[in-house]
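Just one chain follows, in the form predicted alone, and it is written as structure tokens.
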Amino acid sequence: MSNQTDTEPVPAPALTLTAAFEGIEGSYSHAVLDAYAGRRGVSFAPLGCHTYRAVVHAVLSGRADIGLLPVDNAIAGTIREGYDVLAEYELDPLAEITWHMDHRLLGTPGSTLAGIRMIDSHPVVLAECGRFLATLRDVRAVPVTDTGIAARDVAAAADPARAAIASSDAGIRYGLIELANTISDHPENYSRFILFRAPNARGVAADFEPATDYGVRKTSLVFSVADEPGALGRCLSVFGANGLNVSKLDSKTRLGAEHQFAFYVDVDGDIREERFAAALQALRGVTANLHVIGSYDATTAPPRQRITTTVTLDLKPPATPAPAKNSWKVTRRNPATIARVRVGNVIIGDGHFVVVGGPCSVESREQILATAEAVTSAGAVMLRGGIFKPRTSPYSFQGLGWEGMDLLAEAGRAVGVPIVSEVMTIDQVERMSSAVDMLQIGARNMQNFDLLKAVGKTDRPVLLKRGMAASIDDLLSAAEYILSEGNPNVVLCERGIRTFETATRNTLDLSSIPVLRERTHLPIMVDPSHGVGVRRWIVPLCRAAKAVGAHGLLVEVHPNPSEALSDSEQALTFSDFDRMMAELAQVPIMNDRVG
């Protein structure tokens, strides 16, 4: 089963690619890449990353040509974080690699098994060695981010009471001795990894096509169903009816969706096959949510059917070509992908309609806590609040700064929802990213290109507001700056533009919503508060925004608008917000999958 046993001749390296993986040299992922490169006639320059998400960002930003993520283990089961990251981002999976996990207990020279009191390793590896660890008395297992890091740190500590579970290669690399071997709960312990690249990969990554190990293909997808009798059975019958074999099925409660379960599924076959296209069409009708990760070369599946045609899946409207003068890559790339951005446990896009409520500015602890409780009780799923406020007049309230950030974060924790706030300068990005769940780029900074690049390098979703005098083309080009740096989680926001009309604060351009839905896969939200600036007109515009196809709303709410330190004329009262949410419930969500 393991790819390590291949005996084919080793070709001379034809390509040199940078490969991103979680951990450092000496980790299992690094060993997998080294072995795979040798068999496939390529050379990999390793790029270690701190997290699975950082691996994906390295590939999407172009810092790495390919990436590697683990997705399951024979003992520990599904590595859900690996699947979740692959599902969250639009990627091009290339191949699965199976690897025999031959764990060793490693210590510093002079240490003994009896003297060990602390063992470092990756949490999944610790789970794979549970029986062995249970035989050791008075020993504490310490989860760390990577087996290579565990081996390195044990070597650096030079503590005879401390050991690491890692590979024999890591022991040799870091000068450790072997205290015990074959310590997995079962000797046939394999992990499965997915090798991937960015969609529409360029440069050397575009030339890299892995050789199919046994002429087979596999497709991974994630879907969710309602918690009701027969829901899963209807999905599985779709595969059987179309002659498709389900080789993996695992589940978890779907975060952010009450009474729904998400299923991780591997199916033997390729998405380009006609039978697969028919199955996906049928699945759309029996699932609450369906996301196709992609098809890739497999090591364990029956021979694939000959693909004689390329099938275009009718899962969404075709993208309208961008004008020739633009070189956007923001338009839909994969016909099986629907726009969606995850912010904490909230999904924006793909049939979800979200409401974000909160004050224009965080003014006090009492104000933000009261507002958080009021808007979430009414149905808002995210909390907004300004920390640093760009104001036309230098004498207006500019926000509480970092104190406001702490108060907003406290309020978000108190009611259990993600928070979003505006970042204004490059030097604020890192600290803001550590505290808020979504970074907002305001209208005045939409074309602050250095700031756009900075948030594009983070792992935080970005809410990008349309500039006061910006065209739709300008907005999409600004989004490109974020996307090109590797951050695909961008939500566009229509907040009104400057026109000759003076009856309202701005002119809320709701016609931009259907235009953007044709041109881009990115979700679109509407900020009617800034759009009109008059409290009594906001609720009807919220209804209109949902009806025309927006994926969500950003609404200003204050306990006592007349006392608000900023934008008092446009803030809704708590009762106004309750009425707005009740009226919105009567407006249907526009389906992304039209046409």
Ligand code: PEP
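As the structure is a prediction and not an experimental result, all values here were calculated from the model. Just count from 1 along the sequence shown to find any residue number.
A second form of this protein, the form predicted together with the named molecule, is not displayed here; the remarks below concern that form.
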*the named molecule contact at R39 in the model of the complex, heavy atom, 4.5 Å*: no
*Spell out, yes or no, whether the shortest heavy atom distance between R444 and the named molecule in the model of the complex is within 4.5 Å.*
yes
*Answer yes if any heavy atom of E422 is within 4.5 Å of a heavy atom of the named molecule in the model of the complex; otherwise answer no.*
yes
*Would L476 count as touching the named molecule in the model of the complex under a 4.5 Å heavy atom rule?*
no
*Heavy atoms, 4.5 Å, the named molecule in the model of the complex: which of 381 to 389, 165 to 173, 178 to 186, 80 to 88 makes the cut? Say which one.*
381 to 389
_Heavy atom within 4.5 Å of the named molecule in the model of the complex - the one residue of R152, R517, H352, R495 that qualifies_ = R495
*One residue of V71, C360, V429, L195 in contact with the named molecule, assessed in the model of the complex (non-hydrogen atom, 4.5 angstroms)*: C360
_Taking the named molecule in the model of the complex, would Q440, K465 and E556 all count as contacting it (heavy atom within 4.5 Å)?_
yes
*Since the partner is left out here, which residues of 521 to 536 would have a heavy atom within 4.5 Å of the named molecule in the model of the complex?*
D527, H530
